[in-house]
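Read the single chain below, which is given as structure tokens and is the form predicted on its own.
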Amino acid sequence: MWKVARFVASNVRSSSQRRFLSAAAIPGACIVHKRGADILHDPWFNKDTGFPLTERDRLGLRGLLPPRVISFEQQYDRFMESYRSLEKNTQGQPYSVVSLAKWRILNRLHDRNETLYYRVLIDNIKDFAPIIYTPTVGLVCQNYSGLFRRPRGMYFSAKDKGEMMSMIYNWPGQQVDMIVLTDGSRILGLGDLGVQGIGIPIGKLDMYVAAAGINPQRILPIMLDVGTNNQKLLEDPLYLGLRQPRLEGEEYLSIVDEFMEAVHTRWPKAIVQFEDFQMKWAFETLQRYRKRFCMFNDDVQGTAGVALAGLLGTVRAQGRPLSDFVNQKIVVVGAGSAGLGVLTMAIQALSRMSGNNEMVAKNQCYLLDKDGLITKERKNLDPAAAPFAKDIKDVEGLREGASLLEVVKKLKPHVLLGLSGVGGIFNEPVLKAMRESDSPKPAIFSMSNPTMNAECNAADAFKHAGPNIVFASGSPFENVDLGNGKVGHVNQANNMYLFPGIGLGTLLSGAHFITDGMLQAAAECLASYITDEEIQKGILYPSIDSIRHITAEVGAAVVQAAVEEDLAEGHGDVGPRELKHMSKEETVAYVMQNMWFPVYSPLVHEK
């Protein structure tokens, strides 16, 4: 049904201004094999009252719709009027009530008319991203069994062992480019939500369509249900998943192995994004599959890339050259998959800047978990955290398990970065201790999601740590009024700035694997996107209003990195030779030209 949108790509970038020029979609006729009510019940083809009379005749729709034809623009305006009316009518009600009401009205549109849904999402991404993605998606997952109305995506369970190779062919789409997969074991900071975690892949893929222009007929959200250890869910009569404890060990891995083989047998070029797996399986599956399949883990690698972009921006905000990054003392609170992923990528960048001296790089980074500072004296040290454990002699004045407050007071870090999932852990004493940082502009990254799990909120950070900080969070917060006309800028350090570009760039490069070099290129591209003027104001990340242009640039950086590593095999009519000879501007234009844009296409019936 869909025809790829064509984008004007002149003047894609200058040092003083970045502009995403308007989309000029070219609709092409689409062959459909349905007629009558079957078309109206298919959200991929349904135009509601927008079917012109000629189409109503040839598709057997006469009499099945009210006689008046409503244009796409009128349908759009009608929906937005309903949405604004909902906003007005729910003012003053609890946050959870309002957020779920907004999610429901968008979900109803998604169920009925995908073209219109994605158009309102793209045009209003700043307002709607918090509803279909972070933070409302957490509420949706918590309540998913009660919210469930119709299936979206696919569900593979432990009961399907031995059947997955045939099951994968039940999906009606002939081609799938992008898959987001979860096992529901660590949904945001909410823990094990079992099958209800399907809300995460759905929300992530909506962002892929909105931000990267991935064709919605070629996306597939997947839930891998291996049971749950959440007793509350097991006792819930509405729970839709397997009522059994989670599989572990080789039993678990055999299920994931079978799934990955099935997916890549049917769609060898599909990219699989692993999402919200608990730490032990996040790292295990990443190492197990990254050199066999085209896949990445967003919690480990996407979060790390966004954090690295923010860390590099922090150096610029201090008025220092990027080479000074090697002198930044970084304290990471949270030794889960995200925290360890951030440390891994930060150390890779520090090592590269210090002449590939990994020891120098590691000396700048400190890791804490729920038991405090991690050193090599730690009993039962987690193998995943072991590479980041400190020799006690290298942290003079600090002990194994030293508290966060002790660490901040002693080290006076340049950056305090939270991925702990513990709401409020950056309390008033900790924030006040950051006033004594060795940096003239210390950075506080409160990155845990959803909002209630944030290490601190923006208002407290500027109040207690002082107005001269750089602040970033995983969930959205309002900018802070500092008085005298000054603003404390809130930067949403959200993976949405990177994962769409990583996926799109990998797809268009034709690479079979996603390497560290491709991920580093994505992070460094995002870091360079902000102007010096914006950086001096404390702005580390661009406005989400520019998300399609950001994604185009990040995607182009990924394509070029794949070319440099001799991994690019091309996509469609564009081969590796053409990719190799593209300039940076031409690569950005190539990425833009391959972004899908929602318009109604003429439908032609064929038996």
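Note that residue numbering begins at 1 and tracks the sequence as displayed. Computed from a predicted structure; not experimentally measured.
There is also a form predicted together with a small molecule; it is not shown, and the following applies to it.
In the predicted complex, which of the listed residues (I202, I425, A270, L116) lies with a heavy atom within 4.5 Å of the small molecule? By the 4.5 Å criterion, the partner-contacting residue is I425.
Select from the listed residues C365, L233, A129, M279 the one whose heavy atoms reach within 4.5 Å of the small molecule in the predicted complex. Residue within 4.5 Å of the partner: M279.
Looking at the small molecule in the predicted complex, do all three of S99, T136 and T451 come within 4.5 Å of it through at least one heavy atom? Answer is no for this spot.
Heavy atoms within 4.5 Å of the small molecule in the predicted complex: which of the stretches 517-525, 389-397, 413-421, 209-217 has them? In the other structure, the partner sits against 413-421.
Please tell me whether any heavy atom belonging to N494 falls inside 4.5 Å of a heavy atom of the small molecule, as the geometry stands in the predicted complex. Looking in the predicted complex, residue contacts with the small molecule include N494, since a heavy atom lies within 4.5 Å.
How about K159: is it within 4.5 Å of the small molecule in the predicted complex, going by heavy atoms? Contact with the small molecule, no.
Is there a heavy atom of G510 lying 4.5 Å or less from a heavy atom of the small molecule in the predicted complex? No, no contact at 4.5 Å.
Report yes if any heavy atom of V333 sits within 4.5 Å of a heavy atom of the small molecule in the predicted complex; otherwise report no. It does: once the small molecule is placed as it appears in the predicted complex, V333 has a heavy atom within 4.5 Å of it.
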